[in-house]
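One chain follows as structure tokens, the form predicted on its own.
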Amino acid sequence: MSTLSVSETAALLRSFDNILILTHIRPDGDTVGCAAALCAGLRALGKTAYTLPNHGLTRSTAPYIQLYDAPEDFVPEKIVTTDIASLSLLPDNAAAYQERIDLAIDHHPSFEKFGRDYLLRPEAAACGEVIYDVLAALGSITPEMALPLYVAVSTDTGCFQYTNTTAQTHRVAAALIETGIDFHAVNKIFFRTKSRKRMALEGDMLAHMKFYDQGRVVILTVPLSLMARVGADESDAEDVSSLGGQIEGTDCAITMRELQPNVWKLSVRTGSRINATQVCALLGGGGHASAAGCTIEAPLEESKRLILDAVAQVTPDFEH
């Protein structure tokens, strides 16, 4: 196992063929956009490349990647992952490949350094920034690559509003826009459109939110019963964790979504006072300093206690 530079990664990819690219469970715009753009870039080099079908895609993300889905009879020679920090985040249909990963490309500080080789850039706001540099090293970036890359970069920065956004993020976005892509359509789909079911989800989340730590920490919940009551699906709940960060006076928003009975996926979004990765690491998760996640298998109230205890452990001025 070795860590690679961008130029070394590009050289390695030039030596690959018959490539399968993996995305993570509950795929977001970053993993989807990176995989689609990389696949397009490899095909532009004359390579045979596909993405592994991911059954967790939403109505928003599916159009950018499904055209690259591997046929059932495809037998890959090389396996690449994009925006995957841990092997535990591989979808079920990728289990057969987890010991065969030739190259992992990621930007999470909690990346577990799997694969024969890897490229890690934790300072990048999105893995899309890393893929952009790799594709630029391989040749010209076409609109086919630029559009999913814009999805990757814009969604992982909340349309360039999150604190992970840097000057380099804007430079990459500008370069992508200059290829002539319809970035206005991406912004409308991901940041300015909500289904009625999504609005119902948010209304209930806000009606039942609870505050802690003198109002600085907020917990919002999305139980299975709520999803069923409003008839919402995965697409309606996409990036629902962004809601809590908009609440005035808070610097730690914890969104708890029930995936199975008493199995809660937690998304933690924080300001500079609380390190989200340190919080989630105490519960077996990881991510970034201001955005991380973990999973807790316990009833709701116990799950709340566990995450609040974790926040208190890494926050010296936490008020019980």
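Because the structure is predicted, anything quoted here is derived from the model rather than measured. Only the largest set of C-alpha atoms that superpose within 1.5 Å between the two forms is called the rigid core. A residue's number is simply how far along the shown sequence it sits, counting from 1.
Unshown form predicted in complex with a further copy of the same chain; subsequent notes refer to it.
This chain is drawn without a further copy of the same chain; in the predicted complex, the residue among A207, A228, A95, V75 with a heavy atom within 4.5 Å of it is A207. A single residue from the set P109, P91, G215, P223 has any heavy atom within 4.5 angstroms of a further copy of the same chain in the predicted complex; that residue is G215. Within this chain, F114 is remote from the site of a further copy of the same chain in the predicted complex, having no heavy atom within 4.5 Å. Among residues of the shown chain, D233 is not one whose heavy atoms approach a further copy of the same chain to within 4.5 Å in the predicted complex. Using a 4.5 angstroms limit between non-hydrogen atoms, S86 is distant from a further copy of the same chain in the predicted complex.
Within this chain, S241 is remote from the site of a further copy of the same chain in the predicted complex, having no heavy atom within 4.5 Å.
The candidate site formed by M1, S5 and Y118 is entirely out of contact with a further copy of the same chain in the predicted complex, as no residue has a non-hydrogen atom within 4.5 angstroms of it. This chain is displayed without a further copy of the same chain, yet in the predicted complex the stretch 193 to 201 from 76 to 84, 136 to 144, 193 to 201, 122 to 130 comes within 4.5 Å of it by heavy atoms.
For the partner-free chain shown, nothing in 274 to 299 comes within 4.5 angstroms of a further copy of the same chain in the predicted complex, judged by any non-hydrogen atom. In a rigid-core overlay of the protein, L201 has its C-alpha displaced by at least 2 Å between this form and the one not shown. Core-superposed comparison between this form and the one not shown: the C-alpha position of T270 differs by no less than 2 Å.
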